[in-house]
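A single chain comes next, written as structure tokens; it is the form predicted on its own.
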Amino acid sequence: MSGSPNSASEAAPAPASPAAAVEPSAEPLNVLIVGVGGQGVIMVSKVLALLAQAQGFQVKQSEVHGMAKRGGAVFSHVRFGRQVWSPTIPKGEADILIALEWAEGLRWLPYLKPETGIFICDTKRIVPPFACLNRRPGAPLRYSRETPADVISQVGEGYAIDATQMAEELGNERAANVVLLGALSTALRFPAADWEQTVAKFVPKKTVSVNLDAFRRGRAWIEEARVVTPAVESRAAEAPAPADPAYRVRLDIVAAWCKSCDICVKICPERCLRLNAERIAELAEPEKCTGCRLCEWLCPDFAIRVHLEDISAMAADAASEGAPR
């Protein structure tokens, strides 16, 4: 997990966020939520809008989604205050920018207030198909190369958080958006209990417990990051793997999450995926798979995870275990 307030390595007191001082008599507060289809951008904005309304604010919400599938841009404007006239946020006027995907967060940075805006971004990368023209493992992608440190230094207050990994550790990658809600909650003067009650209204009843854990993790992570800069670098800045390693591809497909949408089958450049008799995605021809990760990045339900296993390293480990001692 990674993140960094706009301070260096020294501990610093929590900054006075402009959002924390909002009152019903003040100017409207502007929160922009961005990401790609399937990540839950609209759910995040609806939780915030409902909570703000319950706190006595007038709320305006505007969103663009519709046909956006995995990889398609989705964004939502939420404005609340004593009186709000327009539902959209002008460029340079967002008090808080919440991004569920790294490149989308960078694309919307011009909308953030340059001196006082708060930037909270998942380091999750969902790479568009046109960025994967070279499908060899470790090949460079046509994707943003900015590191969290590059970006955080350019904003008033910023955090790069590996919300997806945090959700994975809880057993449900799809709760990453709720991790970011927890992070957002630290910037607003709304009681944590009210946040949790509102979150519980929007998530499936079977997942209330894991989503509340995700919310608390995100909230605790930001509170700690405001005092101590985490030392672990994020996924967005990982170095690419060697260009042609001896590797084996393994796909994990969660059948319960697969919705039989056929996106992975149609997008696969090697045509090695198919839907089985139960219309669940499966790897039909493993020898053709290059591990390009397009199926993983474009699955709208997070049902596929690609693993590249280094065969040479595995053989070396096996040899060392079998050697006489």
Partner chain sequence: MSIDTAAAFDVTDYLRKQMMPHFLCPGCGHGMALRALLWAIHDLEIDKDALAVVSGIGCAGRLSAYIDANTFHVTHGRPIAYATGLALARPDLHVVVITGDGDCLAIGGNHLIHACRRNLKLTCLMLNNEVYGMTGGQVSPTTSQSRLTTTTPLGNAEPHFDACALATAAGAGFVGREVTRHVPKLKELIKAGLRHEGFAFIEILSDCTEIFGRKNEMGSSPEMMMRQKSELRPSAYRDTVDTPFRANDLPTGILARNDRPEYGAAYRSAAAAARNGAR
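Residue numbers count along the first chain shown, from 1. From a predicted model like this one, the values you see are computed outputs, not experimental measurements. Each form is matched to the other, and the largest set of C-alpha atoms that superpose within 1.5 Å is called the rigid core.
The same protein also exists as the form predicted in complex with the partner chain; that form is not shown, yet it is the one meant from here on.
Checking 298, 283, 34, 48 for any heavy atom within 4.5 Å of the partner chain in the predicted bound form turns up a single hit: 298. Contact with the partner chain, judged by heavy atoms within 4.5 Å in the predicted bound form, is confined among 250 to 258, 158 to 166, 185 to 193, 209 to 217 to 250 to 258. Remark: residue 262 counts among the residues lining the partner chain in the predicted bound form, judged by a heavy atom distance of 4.5 Å or less.
Among residues of the shown chain, residue 43 is not one whose heavy atoms approach the partner chain to within 4.5 Å in the predicted bound form. Although the partner is absent here, residue 293 lies within 4.5 Å of the partner chain in the predicted bound form, judged by heavy atoms. Though the partner is left out of this view, residue 266 does reach within 4.5 Å of the partner chain in the predicted bound form, counting heavy atoms only. Once you line up the core between this form and the one not shown, the Cα of residue 51 stays within less than 2 Å of where it was.
Once the rigid core is used as the reference frame, the Cα position of residue 291 differs between this form and the one not shown by 2 Å or more. Core-superposed comparison between this form and the one not shown: the Cα of residue 37 travels less than 2 Å.
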